[in-house]
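Presented as C-alpha cells, the chain that follows is alone, the form predicted on its own.
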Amino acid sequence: MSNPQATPAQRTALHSAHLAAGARMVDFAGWDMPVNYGSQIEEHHAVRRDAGMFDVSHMLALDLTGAGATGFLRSLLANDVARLKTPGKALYSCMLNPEGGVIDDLIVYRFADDDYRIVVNAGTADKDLAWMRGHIAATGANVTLESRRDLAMIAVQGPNALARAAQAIPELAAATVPAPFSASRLGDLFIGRTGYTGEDGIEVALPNERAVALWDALRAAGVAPCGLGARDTLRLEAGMNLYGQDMDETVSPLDVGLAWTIDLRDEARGFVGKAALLAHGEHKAFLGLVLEDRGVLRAHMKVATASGAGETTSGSFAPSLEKSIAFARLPAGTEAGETVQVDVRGKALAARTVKLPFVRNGKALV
C-alpha cells in the first residue's frame, strides 16, 4: 500500500524572492514560509535597531461592507467597533465562541460604518471565514464579506521603518503617514500603522503582482528581510500573544491578559461569548517570567508559585535582554516581583515574575 501524499504547503507571492535570498523555509499553518535568512538573532536586532520586513501574506484580509457592518461586528466581537470614530482607526479584538473561548484574535480597521477591513491569522483563516459567514446567516446581517487572497502583505518594522519605507513607496512619501494604530488607502495600497514587534512601522497590503517589486525596493532602501523566527522573539519581548500558543478556543481572554480587549461599557450590547465572560469569575494572572538561572524557557513548563501551580505558554531566549523569558498563566493573586520555580527538564530553576511587555520601542522594561 502506498503512503498518502502530503498536502503541499501554500506559497505566497514572495516565495521566489525568499528562495533567491537564501531563506530557510518551513511549513507554518500550511504555508511555506521563511524562518530565517541566515541569522535569526541578527534579524531580530535589525528590527529593534533599524528596520526589518516580514512577509505576512499568509494572514488573510477580509473586507466587510454593507449597511449592517457596524452592527454585525458589535455582535460578533468582544471589543466594540463603535469606539472607532476616526476613519482608518484600528481595533484589536478577540472573536469568541459561546463558551468564551478565543476563536481568533484579529485587527479591524474602520473606514466608514459600512466599510471595514479585518485581518485574521493564517492558521485560523478558513475557520474564521466559516464562523463569520455562519454568524451573518444566523443574524440576517445586511453585509458582504469578501476574502482577499489577491493581496500580499509586507510588514516593515523598526525605529527607521517609516523613513526607509518612504524611500521605497512613492505614495507613502507624498501622503500623510497614518497615525499609530490607523490605516490609509493610497491607490491600490493599504498602509496600516500596526505591527507585531513592539516597534513602530507599517503593514502594507497590495496586489500580489506588485509584491516582489515592493520587496526588492525595500531591500534596496536598507530594510532587512526577516523570518518567522525573529518575528516570534520580537512579539514575545513585546508581550504579544500568539494564537494557538497562548490562547485558543478552550482559553478565555481573561486568563491571558486580554481583559483590556473586552468592552462591557454598553450594557445593552450583546456579543458572542459575553454571558460566559460575565460568569467566568476569578481569572488567572498572566505575567512574564525572566529566568534567573541558566537554561531556556519554553511553552508548557510547570511553574510553582506561592499561590499554587501555573504553566508557561510561550518561551524563548530574548536577544534584546540576553536572557530567557516566557509568558505564564499563574494562579490568581500572583503579582510581579515574585520569585517562582520553573520545571526545566526536571530541574527547578528560579525565575522572576514581571509585568508585560519585556521590551517596547527598543527599550528594556524589566
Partner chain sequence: MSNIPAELKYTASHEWVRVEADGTLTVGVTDHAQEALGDVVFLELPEAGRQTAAGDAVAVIESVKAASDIYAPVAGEVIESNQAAVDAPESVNADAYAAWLFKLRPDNAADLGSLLDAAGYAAAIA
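Residue numbers count along the first chain shown, from 1. Here the structure is a predicted model, which means the values were calculated and not measured.
This protein has a second form, the form predicted in complex with the partner chain, left out of what is shown; the following refers to that one.
- At least one heavy atom of R298 is located within 4.5 Å of the partner chain in the predicted complex.
- Taking the partner from elsewhere, S252 is found to have every heavy atom lying beyond 4.5 Å of the partner chain in the predicted complex.
- In the predicted complex, the partner chain sits within 4.5 Å of a heavy atom belonging to I41.
- A residue is said to contact a partner when one of its heavy atoms sits within 4.5 Å of a partner heavy atom; F28 fails this definition for the partner chain in the predicted complex, lying far away.
- Relative to the partner chain in the predicted complex, residues K284, T305 and Q341 are all farther than 4.5 Å at every heavy atom.
- Site annotation in the predicted complex: the residue of N36, S57, T70, S314 reaching within 4.5 Å of the partner chain with a heavy atom is N36.
- With the partner omitted from this view, the residue of R294, R269, R149, K127 that lies near the partner chain in the predicted complex is R294 [heavy atom within 4.5 Å].
- Heavy atoms within 4.5 Å of the partner chain in the predicted complex are found in exactly one of 46-54, 59-67, 328-336, 315-323, that being 315-323.
- With contact defined as any non-hydrogen atom lying within 4.5 angstroms of the partner chain in the predicted complex, the contacting residues in 329-365 are R345, K347, given in sequence order.
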